[in-house]
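Only one chain is shown below, in structure tokens, and it's the form predicted alone.
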């Protein structure tokens, strides 16, 4: 299968596959400085928790590169200010904060500012490479949960486009498929930004995995008719108790799966687990522009002036989550214990 790589670092420039223009155009946009990277995150040219984290790491490296300051204290003060700007780009995905904090810690560990810049570039490259390796391990762990026969439903986009490569939830589906299992795949449109129809369907086409696109509101009917064997999604933040924030509509699918006796799985790297949060009520939910609901690519789809609510995420309580797949293995309830063990295994 051909590899999809939405992030490239070359000659000091960050190149991103513009996900707002898929599937009709495959265009790489360039970020020449950290503010370009921040804008790409805000506008969802790059999206998906791991991919946002990788982009943030390169953004810190670019911010450091562009500082012409020899005094360490002054250098770090300005770099930390840039880090705060990068963190503010999107509030829900914990990978963003994790990557910035990791990069700032690397910078702090150097005494000579002349060495910081290359160290940060090297660290960002490492974060990108680690992510692909993590996703492949996650796929190997999770493929045992994929059916041989039957069907799988996924929501939003948790494929290679949301990561360095391979993907999280879609990576698990791919790993099962490459292992020789054959099952039917359904993916939702994922309103209002249509990450499912524009991105996930595009990925399945590229991978050669047959998939059927369904409107979000058809999922309950399919489950009731016995046409869905399991549900698997990604995550943008997981609290210590297993409550999971993911793209809006995930909670609905989890409740429907529970009602119909269908397993609901989450696939996410350990960097997505936020042990500082006791439960999902403490997760900040991003509110996005109402125009994403009332318009599509500048074309009105609602009456002018109509009020629209557009939360980017919702929180699925841990009681609806059958298992959480990480690079360290499969975590099961009670998550307060199994997630803590996973985080400790990663040395975090």
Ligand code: MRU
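Residue numbers count along the first chain shown, from 1. In this text, all values refer to a predicted model and were calculated from it rather than measured experimentally.
Keep in mind the form predicted together with this ligand is missing from the figure; the text below concerns it.
If the criterion is a non-hydrogen atom within 4.5 angstroms, does every one of 242, 271 and 326 touch this ligand in the predicted bound form? No, none of the three is in contact.
Heavy atoms within 4.5 Å of this ligand in the predicted bound form: which stretch among 26-34, 45-53, 58-66, 277-285? Heavy-atom contact with the partner occurs in 45-53.
Go through 172, 86, 99, 156 and name the one with a heavy atom inside 4.5 Å of this ligand in the predicted bound form. Checking each option against this ligand in the predicted bound form, the one that comes within 4.5 Å is 156.
Would residue 238 count as a contact of this ligand in the predicted bound form, using a 4.5 angstroms cut-off between non-hydrogen atoms? No, no contact at 4.5 Å.
Counting only non-hydrogen atoms and a 4.5 angstroms cut-off, does residue 231 reach this ligand in the predicted bound form? So residue 231 does not count as contacting this ligand.
Does residue 246 reach this ligand in the predicted bound form, with heavy atoms at most 4.5 Å apart? Yes - in the predicted bound form, heavy atoms of residue 246 and this ligand come within 4.5 Å of each other.
Should residue 187 be classed as touching this ligand in the predicted bound form when contacts are defined as heavy atoms within 4.5 Å? Residue 187 lies outside the contact set for this ligand.
For the stretch 159-198, I need every residue with any heavy atom inside 4.5 Å of this ligand in the predicted bound form, listed N to C. Contacting residues: 162, 163, 168, 195.
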